[in-house]
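Next come structure tokens for two forms of one protein chain, structure 1 first, structure 2 second.
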Structure 1
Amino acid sequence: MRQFLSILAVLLAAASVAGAQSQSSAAPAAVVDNCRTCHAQLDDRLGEPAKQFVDDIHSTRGITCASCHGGDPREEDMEKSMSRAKGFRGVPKRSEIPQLCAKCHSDGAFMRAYNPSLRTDQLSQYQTSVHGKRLAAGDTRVAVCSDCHGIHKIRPASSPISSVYPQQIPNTCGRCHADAGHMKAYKIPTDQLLNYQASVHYEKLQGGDLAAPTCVTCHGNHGATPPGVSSVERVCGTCHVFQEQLFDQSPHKAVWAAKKIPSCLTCHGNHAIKHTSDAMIGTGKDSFCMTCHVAGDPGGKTAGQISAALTGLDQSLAEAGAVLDSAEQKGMEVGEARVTFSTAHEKLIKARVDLHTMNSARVEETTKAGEKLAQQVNQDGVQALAEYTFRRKGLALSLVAIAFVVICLWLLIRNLERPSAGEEAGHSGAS
């Protein structure tokens, strides 16, 4: 047995050594990049890129400085490594950057080895963008790949410190678009970032909702172009699907299209999109409807009817909710009523979406169904409070009855323990 164990130990040791040698031979050879080694010893402008490049996604995948700058990174002699004969190009011109990046990123076969799911049409998209068209026309001040992604410290888009991570995108775009000096020649506003930061979209984004719209959601990324009047609805509809479908059924659809009035942003705005409220519709001072209509015209009447329906259901839900809260605080079981309340509230949400049809009858149909449920909830709450009152009264009566019985028992016991008159007389004669 001991001999068998010794042989087994030798075999296991041999297998371990063989496995280590196999792993050693399979490991990729270290990438020689004398460019980075040399520049890392320099200071300031020449040394900083090499230090930044250590954690760059290209560096971590084995891509060297020469991939962008040319030359031979295996040469230790500076003259040889930076020889024009070996393709050294130095710092590329801004106008050359899209094509330079596309040398790899547009090559499907090359990119497949690194990230098979990564798209390889970025250059063709960029060439259709406002940026790409202006660059092709000779304007080198427009954004190129390195302005958005960085140069020597590029991170994966999934990294929170990447300049193209969703929460970083507003500031990345804002570096140019919020710079009045840079944008002066283009004569376009520079308040987009400030307006967006005041929006509900930005609030959701900062709260951790990475699906919240950013600049690229509406304008595109590589093919960035402002949505046209006719396409605004479709752009918003990529997220707000039901609202888009309902708007297509509204009288606004044909009229606004004919007059080239942008759909969604006419009421909601574009960059500074606020939380919606029922006050936005109707005939009040905060109503957007009154910017085009007056209270007496057909549109104003429809808006007033929709507003009244929404306000009525909202108030009914508030009253029913208050009754339920009161009953629940008193310890009553209102679970089933809570479910009904949620269903009624869903009717209010649906009605607020239905208003995009500007069909008052449709909205009222939904709110009436919600009103019926809200009334049921209110009745359930009132019954729960009535039962609570009944129980309190019953408890009080029970306590009085119990107290009466206790007193009677006490008096009876006391009377039984007291000596009778004959016994008192007998004691008196004996003494």
Structure 2
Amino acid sequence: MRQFLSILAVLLAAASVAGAQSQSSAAPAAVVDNCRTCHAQLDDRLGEPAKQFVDDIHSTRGITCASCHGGDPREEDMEKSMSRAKGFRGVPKRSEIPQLCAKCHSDGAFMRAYNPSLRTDQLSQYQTSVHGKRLAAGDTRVAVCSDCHGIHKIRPASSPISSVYPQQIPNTCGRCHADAGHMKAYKIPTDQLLNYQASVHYEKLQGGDLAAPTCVTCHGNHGATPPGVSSVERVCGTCHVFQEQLFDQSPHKAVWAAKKIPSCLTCHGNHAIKHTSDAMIGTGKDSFCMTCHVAGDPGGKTAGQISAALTGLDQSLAEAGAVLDSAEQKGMEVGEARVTFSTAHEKLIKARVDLHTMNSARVEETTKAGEKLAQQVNQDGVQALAEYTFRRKGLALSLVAIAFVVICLWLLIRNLERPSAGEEAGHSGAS
């Protein structure tokens, strides 16, 4: 038994050596990179970079430690490979990092050879951002390329585990912006991450909807604001196109611009944007309008009218819906009325967008069309219910009729089956 085991062990060892040999002969001659080989054997801050670098996008493209740190990777000797004479520059200072990355990333000719679709404007964009401007002024607490992308485990932006993948971005920015200690020197709040995480946008993002904005959709990734947006304040309209167009038609547009009151943010906020409701307009405590208007002024009156129009249609739809449900539960066919119902409901949705004109007549025009449809649905539903009752009555009547016929038949049969008096007597006599 013991002999058998040792033979087996020898065989296994031979097989693994053969495997390793065939592997190394199949692989292309590896580039000599003594930086990596030596650092992979070191611990902690000297070893980590080499271990992380294995899956880094740069590593997979053949870029080496020396591409960023300088030195000579062919030299096995530590002194010689990391010699200043060979261009070794050690650990770059934070202030030098953008230039270091841009050495390649701003070089169109160089980058095209790897990936022609990659932009090469990151540095020039970065220099227009608050981060870039402050860095140029000597503030090293701002974000540099490696704060957002990592250093030795950089992934393509399209990789879900990249620190700049949409769902990872909030935490990437929050690492500084939610850290009160780091941001102590500045006069800005540190609640953006927390507020954003309470928003409808974050909720959608977490649900997998990559159309929802993250920090960089609104603030830009490298530049100060996203392309085509004059200021962060105007960013909402890039997605919510109709609301912006209608806001621009509202009486607020000119007055607020003159008073430097921002548009969408004044009502909805910027980071903690919540689901909307009809309670946000009107004269109640949740109304946006009452922060500036009072119930009696022109704005307050409009708020009341729009609110009444919306809640009126909402109520009518609820009633019509209940009638339809009840008819459907009773097995009535209400398909057509359902279609009309959706059209009426779309009017309510449209009215909620229309209110951005702050024009009650405009909203009422839409809600009235909705009311008419809702009434139609209600009538159809009531009719269906009436028909149901009618059919029930008809059914009851026919049941009575059937019962009557059955009883008659039964009586008839009984009569037919009943033996005549003489027959019966003869029968009993026989037994």
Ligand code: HEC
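Nothing here was measured: the structure is a model prediction, and the numbers come from that model. FYI, numbering is relative to structure 1, first residue = 1. Here, rigid core means the biggest group of C-alpha atoms that superpose within 1.5 Å across both forms.
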The chain seen in the form predicted alone is the one numbered 1
Does the C-alpha of K372 move 2 Å or more between structure 1 and structure 2 once the rigid core is lined up? no
Core aligned, does the CA of K51 move at least 2 Å between structure 1 and structure 2? no
On a rigid core superposition, would R362 pass a 2 Å threshold for CA movement between structure 1 and structure 2? no
V406: how far does its C-alpha move between structure 1 and structure 2, core aligned, in angstrom? 2.6
